[in-house]
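The chain below stands alone, shown as structure tokens; this is the form predicted alone.
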């Protein structure tokens, strides 16, 4: 291990980690929005929109992120619609993550007992009020573990965006290996960078899940 090479490369990884976190933040935020919209559509059972949502979820979950990025970056360019690599990366993460978030929220909504919904309707709550005050708070508590897993999943999936020339952590590692043939050092830094990003996030979600479980049990 060349320690001087590792020390000289750390600033590159720090810069790349900033881009990775930025992509993950917007990707997760937009995927939560898409997932929430899909969950609401499913809750209100809007026929045409439900069919569109099902097609989207199946398409999103059954195609790799790499193919989705190529389609956004290269496919649209063929018909004269050009997006920046950064935009394509966020769009791809949101497209992929939205379907997983939708399924997580759907499972949470379905966990709410029908008797609670019927009781809310019987006291005059509208469907929107029922969603806001009864269904959504309980659904989110149930969905937190799945949402947490999806957040970590999307952060790891940012490693694919190097395929469209974005200088994320994976891009920097491959670049250093290609230029200097320092495979061990570059991969060690890559693993270390992802651990630094993912481990605190994983511990936080584990703590949050435990707290929500304790609240649910009345502790």
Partner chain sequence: MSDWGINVIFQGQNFLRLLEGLGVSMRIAVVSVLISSVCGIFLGLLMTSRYVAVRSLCRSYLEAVRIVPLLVWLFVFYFELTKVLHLQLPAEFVADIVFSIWGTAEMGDLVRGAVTSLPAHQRESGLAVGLTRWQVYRYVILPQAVRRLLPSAINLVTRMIKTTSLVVLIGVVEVLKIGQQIIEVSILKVPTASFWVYAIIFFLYFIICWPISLWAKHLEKRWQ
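Numbering follows the first chain given and starts at 1. Being a predicted model, the structure only gives us computed values, none of them experimental.
Keep in mind that the form predicted in complex with its partner chain is missing from the display, and what follows is about it.
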{"item": "Sole residue of 36, 187, 50, 29 within 4.5 Å of its partner chain in the predicted bound form, by heavy atom", "value": "187"}
{"item": "Residue (of 166, 176, 41, 170) lying close to its partner chain in the predicted bound form, criterion heavy atoms within 4.5 Å", "value": "170"}
{"item": "Options 122-130, 139-147, 72-80, 85-93; stretch whose heavy atom lies within 4.5 Å of its partner chain in the predicted bound form", "value": "72-80"}
{"item": "Three-residue site 25, 108 and 208 fully in contact with its partner chain in the predicted bound form at 4.5 Å by heavy atom", "value": "no"}
{"item": "Non-hydrogen atom contact residue 195 with its partner chain in the predicted bound form at 4.5 angstroms", "value": "yes"}
{"item": "Touches its partner chain in the predicted bound form: residue 46 (any heavy atom, 4.5 Å)", "value": "no"}
{"item": "Contacts with its partner chain in the predicted bound form, stretch 40-75 (heavy atom within 4.5 Å)", "value": "58, 59, 61, 62, 63, 64, 66, 67, 68, 70, 71, 74, 75"}
